[in-house]
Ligand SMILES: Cc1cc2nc3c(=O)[nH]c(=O)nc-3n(C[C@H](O)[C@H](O)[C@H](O)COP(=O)(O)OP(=O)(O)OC[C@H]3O[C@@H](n4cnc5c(N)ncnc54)[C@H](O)[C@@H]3O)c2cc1C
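Just the one chain here, laid out as structure tokens, in the form predicted on its own.
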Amino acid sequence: MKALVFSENSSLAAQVISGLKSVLDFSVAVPKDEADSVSEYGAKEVISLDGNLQTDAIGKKISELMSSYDFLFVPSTVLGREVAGYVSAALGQIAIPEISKFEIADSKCKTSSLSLGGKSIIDVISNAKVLTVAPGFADQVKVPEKSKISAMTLPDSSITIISEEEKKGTGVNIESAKVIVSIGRGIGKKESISVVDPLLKVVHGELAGSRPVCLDYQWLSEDRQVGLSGKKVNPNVYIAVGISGQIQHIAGMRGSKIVVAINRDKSAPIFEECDYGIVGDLFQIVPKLVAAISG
């Protein structure tokens, strides 16, 4: 069976191809600037999209291409979700969002995806043709031979951008971090964030935070927020310090391979999600943890 991947991000597209190239023949459509970098992951063809990268233009072109494919996979970014919605409506096909697993079962697709804001995982068998894919779907694996690249021009868009203002941020990309130390309201105040600095140093981690820390109190910048309304991360190690573990936060870090939680409340939901949990005062535990790691 044949599948098409669309993404404006070659790294996310490479995750889908690497994870499923053993069961599906893939083509991938990406903006022309991403075409060369995604050609190393085993797709049969890379379609280099040139033109106005607006939702309606991309959605129309992808809808036309889908006559040659059985499935469309779209990594879950803002643009990706918009395009998946456009194509789903244009083709009259149901869409399955945020899948973390995919397999073929009697010519239908069997998927696993987050539900109830990340609180549960549901397995579904359906006739869906359009699927958005959660970050961290699979590790990227390069192949010896590059894919052939063909150019394609997008149709005109009905959308005109009249102004554009870049969001202020620190330039950090927590989505690619291998180790994350994430703080919650348990840290108490902005001045106390420095308690995790030694921990960040010994684990070579990136600092992140929950929604209250990043948006409500603005102790950290918005681009460090993990959660349903923030970034979705999949590090090798996620250390949650003073985070209770509400479902909106869990939805953003569930792809973490190992989760360590520190919280004084033994009934905090984060302990249902962690591999290693420590109940106690973070201001006492973090220095001891640093000392233990430092040897």
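Predicted model only: the values in this text are computed from it and were never measured. We number the residues from 1 along the sequence you see. Between two forms, the rigid core is defined as the largest C-alpha subset superposing within 1.5 Å.
The next section is about a form of this same protein that is not shown, the form predicted in complex with the ligand.
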| property | result |
| --- | --- |
| Segment assignment from 23 to 31, 258 to 266, 44 to 52, 66 to 74: heavy atom within 4.5 Å of the ligand in the model of the complex | 258 to 266 |
| Residue contact check: G205 to the ligand in the model of the complex, 4.5 Å heavy atom | no |
| The ligand contact at F283 in the model of the complex, heavy atom, 4.5 Å | yes |
| Exercise: S229 in contact with the ligand in the model of the complex, heavy atom 4.5 Å | yes |
| Touches the ligand in the model of the complex: G80 (any heavy atom, 4.5 Å) | no |
| Heavy atom within 4.5 Å of the ligand in the model of the complex - the one residue of T111, S157, Q225, S147 that qualifies | Q225 |
| In the model of the complex: members of 198 to 215 within 4.5 Å of the ligand, any heavy atom | S210, R211, P212 |
| Rigid-core frame, C-alpha of S229, shift of 2 angstroms or more between this form and the one not shown | yes |
| Threshold 2 Å Cα movement between this form and the one not shown at D139, rigid core reference | no |
| Rigid core superposition, P155 Cα moves 2 angstroms or more between this form and the one not shown | no |
| Note on K21-A251 C-alpha separation in the model of the complex, which departs from the shown form by 3 angstroms or more | closer |
